[in-house]
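Read the single chain below, which is given as structure tokens and is the form predicted alone.
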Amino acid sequence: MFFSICLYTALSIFLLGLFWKISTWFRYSVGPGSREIKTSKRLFAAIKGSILTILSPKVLTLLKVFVLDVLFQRRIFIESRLRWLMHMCIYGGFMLLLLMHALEHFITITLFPDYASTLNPFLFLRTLFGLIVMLGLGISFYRRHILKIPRLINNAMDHYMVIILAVIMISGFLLEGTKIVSHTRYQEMVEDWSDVDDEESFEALESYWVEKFGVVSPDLEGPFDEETLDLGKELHETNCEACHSRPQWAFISYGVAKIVSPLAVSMDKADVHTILWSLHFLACFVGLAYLPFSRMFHIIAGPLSLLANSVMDRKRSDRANIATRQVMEMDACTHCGACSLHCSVGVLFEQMQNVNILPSEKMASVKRFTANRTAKEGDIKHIQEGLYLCTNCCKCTLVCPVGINLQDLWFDMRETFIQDGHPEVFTLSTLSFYRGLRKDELNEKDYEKPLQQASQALAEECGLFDSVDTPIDLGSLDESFEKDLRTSAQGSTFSFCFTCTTCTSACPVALNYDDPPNVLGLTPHQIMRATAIGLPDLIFRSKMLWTCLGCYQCQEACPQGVRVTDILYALKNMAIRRVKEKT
């Protein structure tokens, strides 16, 4: 009764957790445009999109991805053979145990009417599958704690399910081993299933099981005479052989039985078998109940992420489905660290010690923020720093084993922070050339918002420059400003400029406005001139400096070889240094 209650409780928690997790895919949102999409609309769009995809030629793509990427884990195999072996051992071995052993009454008995868990090949296969899982867990421990993959950070979530799986496997082997040597279990079997009814036959059968099956009897001890063993063998073939293969086929459990055999009688009296049985099943129940809330939930979300990304396109797919997919991708993350290992700016983590620089850790932070939207300002700053240091090289997306489009996720999270009113003073620009390339995905006000926020933050918090309307004293030139620029080969080229306006003519930002000087404050060639004169305040307050996309078109067009874009970057860095000095 107790274990039935535990089973139903664990199953109920699992189903409720599964429902809650899936519901978050339609309730949570990433990116400012997703918030306006109602949950009902996203649910309807997902159902509609799924049906249309299945009824279209895209279903062939789904089948291909399911076989290669879901079943055979092609992406993991390409990225790391060792990790592929680990994943296949844990996932494959556990699923085989689940289907053959845990669900034996629903699957195995249906397929094999003569099935018995103590009969070959099932006895051998159960041990083999358990060994495969243990091999996978061993590789996992080796990779994380001995091999020490660079930038692979372990957290509590990484250990919980591994520990639960290890407890399930180890308790299973111990349970089987104690069952082999248990005289109590042997007597229960004889009383329930045999036709033996006289003392001589009882003794002969028990002698045979002590000799051949490893049972430790408190009353009988070998060696036994051949006549007794022959009679015991005959009784075994008549009463037991149909359901019991030799325990040596369970090679791990039999080894355990041999080790504990000197303690078998004492263990029998203490009913250790029942204790291990309880531990084994409780661990299974805990694992089942915990699954929707653990990292292992990726066994459900991961395949869905792979399938969804194989047929979805950000430009053509319904925005409601994109919003749902992005939240689902957060649950698909396995925290494997492949993205962090290949990250172009991952090396900065060693200097800055902000875990959000690493994509795998940034994913965890973004997931927490998406769930509650109440992160502390300091935590938000750390997440923003990790988002803005991203070089948009797409390496993280390319190596993700579950196909998460990390590049889109980082882009939308940047926009989320901007729309939530969190200015990032240390970037100041409209988030570089990459954001300029994706300008069509944003409305004009959203595109301009980070510049306004950053400029206001600088003016109010740091006093780097005053309002645009505040007059500048042209009589107080900053000589140190020019000297700072001349310290670098790129920055010193500003002196080559003779104000031909070629850079301004080539600038896509300037070309976007009918009256660039009025809107931007200064155009590129005017910034070069102000630099030569020594007017940092005039430069820092100009909109042009902070809206530069970093596309290098001005620099490529300059007939004098002025490193215009590099100078603009140097000027931004100078502004950042001044901010840091004042804060």
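What you are looking at is a predicted structure, and each value in this text was computed from that prediction instead of being measured. All residue numbers refer to positions in the sequence shown, first residue = 1.
Keep in mind that the form predicted together with a small molecule is missing from the display, and what follows is about it.
At a distance threshold of 4.5 angstroms between non-hydrogen atoms, Asn239 is in contact with the small molecule in the predicted complex. Residue contact check for Trp209: one or more of its heavy atoms lie within 4.5 Å of the small molecule in the predicted complex. Among heavy atoms of Tyr290, none comes within 4.5 Å of the small molecule in the predicted complex. Heavy atoms of Trp193 reach within 4.5 Å of the small molecule in the predicted complex, making it an interface residue. Contact annotation: of the candidates Cys243, Leu85, Ile149, Ala371, the single residue with a non-hydrogen atom within 4.5 angstroms of the small molecule in the predicted complex is Cys243.
Comment: the small molecule is not present in this chain, but in the predicted complex one of Tyr186, Phe77, Trp249, Phe129 has a heavy atom within 4.5 Å of it, namely Tyr186. In the predicted complex, every residue of the candidate spot (Ile180, Leu205 and Val215) has a heavy atom lying within 4.5 Å of the small molecule. None of 131 to 139, 117 to 125, 217 to 225, 163 to 171 except one has non-hydrogen atoms within 4.5 angstroms of the small molecule in the predicted complex; the exception is 117 to 125.
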